[in-house]
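The form predicted on its own is given below as one chain in structure tokens.
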């Protein structure tokens, strides 16, 4: 059985992933780092104290690191590492710097030639992705959209043609407004909404944007939205042409031979006659 042993850590910055909900999801390695490091940089000291207390890790000096942290505090941490100290960086939940503060400290450490060690673990991005049921061979993580509607619309327009799954974070109080905006920009794509991942009320909602644009603003907890990619343009063009052929046939069937109709469609769509002749034979049959 693996135990959280006392070890001597090399000086450096350790980026430690913490649970996104269920405290049992933390790794043994992460606990070992938190137990044996000299200092812990965290978003909210109260949240980190709760985690440490759950695993009986005591007597740790915690320093708050958030998006408004002054540079002097970051420099202080860098100086401590230069003195031979080991510092763990954690967020309130998940993997640090993914839609969380801490990037400034990491960049400062790299610029000072300090060793960076990532300790992998929980992430709402991957948890929602593997539970979505959508093809996950390619995805684009966006995180939180702008609060203001105009900026949010502009951002969604930028992602409209991205040919991969889109993954967003969103707050419960703004979920309906965001989904309405997504439907207006993306059209009716398949969508999965995941909330309260790894917690007791973990839920996956599966459907499409047309269904979810009428969702109530009563979802609670952390929310992840996954949107499928735009439909393949070639397939869309093929489908459009098939529909047009059916319309044309309904109008002029029996008035033109299959050969002549193929020639007409070839001129209209600027594609080989053989392409349409094959389609016409299948359609007529």
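Numbering follows the first chain given and starts at 1. All of these numbers come straight from a predicted model, not from anything done at the bench.
Form predicted in complex with a small molecule: not shown, discussed below.
In the model of the complex, at least one heavy atom of residue 100 sits within 4.5 Å of a heavy atom of the small molecule. Shown alone here, residue 195 lies within 4.5 Å of the small molecule in the model of the complex, counting heavy atoms only. The shortest heavy atom separation between residue 169 and the small molecule in the model of the complex is within 4.5 Å. Put simply, residue 144 is close to the small molecule in the model of the complex: some heavy atom of it is within 4.5 Å.
Comment: the small molecule is not present in this chain, but in the model of the complex one of 93, 119, 77, 156 has a heavy atom within 4.5 Å of it, namely 93. For the options 165, 124, 209, 106, the residue carrying a heavy atom within 4.5 angstroms of the small molecule in the model of the complex is 124. Partner proximity in the model of the complex, defined as non-hydrogen atoms within 4.5 angstroms of the small molecule, places exactly one of 68-76, 85-93, 181-189, 108-116 at the interface: 85-93.
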